[in-house]
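Quick heads-up: it's one chain on its own, the form predicted on its own, in structure tokens.
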């Protein structure tokens, strides 16, 4: 086996199918998106080369930067919510009664499709007979807001189901990392007189910091390209108040039939995501990883 795996041609043969699939389904569409961004094209008729006009227009487009701001806000809220997910995981991993049941409950949103979650929360946010406004009215709040219709609150209202949707995913990652910590380290800390809080924040947290950095990158990148639930719940409205970069790109390409401009927005979204990912990785990089 070692002789076979030391042959570079055989290794290339094994890797080639995966490389071809990645190239055809990921890199070729990316290159084509950048190319279509150089065209004046409605997606059906003949294309006309216009150079960087679409990209220049996108950079000068206030709606694009407004949607980018909304995407960055979602990234900030998603990253901040990781603290809550981490605390929940620390509690679940501390051998509390019913931890297995709670872990399964937190995973339920992951089993639902984005469309089903969107429909569920549209009912919750319904201004007349929704559960949220009924609850607020019952405790004495006069004129609760129309959550998905008022520009000042719609964006933050949509953040709630998005964060709820991915809670189980991050809790599961943190929980698995915490359970992978050798029990002998925890027992030694207890013998030395460490409190549960000291064990959690001075022993467990530093040991899983590598996993935390990965989840930060996942949360930021996932937020910047987020689309489906926002599109189903509000379509980016009202008046662009909940528009994000991906939904703005979709509208331009498939609703306004401005495929060239939509492709330019999509390519800029890719560049912004790559730059932000690089910055986040640099900001969270450390020279030494704790080994255990």
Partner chain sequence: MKRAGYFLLYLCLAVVAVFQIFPVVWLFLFSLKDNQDIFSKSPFSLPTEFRWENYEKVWEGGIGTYFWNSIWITAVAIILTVLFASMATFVITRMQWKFSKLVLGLFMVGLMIPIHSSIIPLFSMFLHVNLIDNPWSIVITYTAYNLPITIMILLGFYYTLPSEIEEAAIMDGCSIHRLFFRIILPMTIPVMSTTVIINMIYNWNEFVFVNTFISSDQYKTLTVGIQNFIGQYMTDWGAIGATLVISVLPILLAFLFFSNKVVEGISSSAVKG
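Note that the structure is a prediction, hence the values are computed from the model and not measured. Residue numbers count along the first chain shown, from 1. Note that the rigid core is defined as the largest set of C-alphas that superpose within 1.5 Å between two forms.
If you look for the form predicted together with its partner chain, you will not find it shown, but the lines that follow are about it.
Look at the candidate spot formed by 51, 198 and 207 and say whether its partner chain comes within 4.5 Å of a heavy atom in all three of them in the predicted bound form. No.
One stretch from 211-219, 181-189, 71-79, 198-206 that, in the predicted bound form, holds residues within 4.5 Å of its partner chain by heavy atom: This holds for exactly one stretch, 211-219.
Report yes if any heavy atom of residue 227 sits within 4.5 Å of a heavy atom of its partner chain in the predicted bound form; otherwise report no. So residue 227 counts as contacting its partner chain.
Heavy atoms within 4.5 Å of its partner chain in the predicted bound form: does residue 270 have any? Yes.
If you check in the predicted bound form, is residue 83 within 4.5 Å of its partner chain, heavy atoms only? Close contact is absent here: in the predicted bound form, residue 83 is far from its partner chain, nothing within 4.5 Å, heavy atoms only.
Any non-hydrogen atom of residue 38 within 4.5 angstroms of its partner chain in the predicted bound form: Outside the cut-off, so no.
Of 121-146, which residues get within 4.5 Å of its partner chain in the predicted bound form if you count heavy atoms? Counting only heavy atoms within 4.5 Å of its partner chain in the predicted bound form, the contacting residues of 121-146 are 121, 123, 124, 126, 129, 130, 131, 134, 135.
After superposition on the rigid core, does the Cα atom of residue 20 shift by at least 2 Å between the shown form and the other one? Yes: residue 20 shifts by at least 2 Å between the shown form and the other one.
Taking the rigid core as the reference frame, is the Cα of residue 271 displaced by 2 Å or more between the shown form and the other one? The answer is no; the displacement is under 2 Å.
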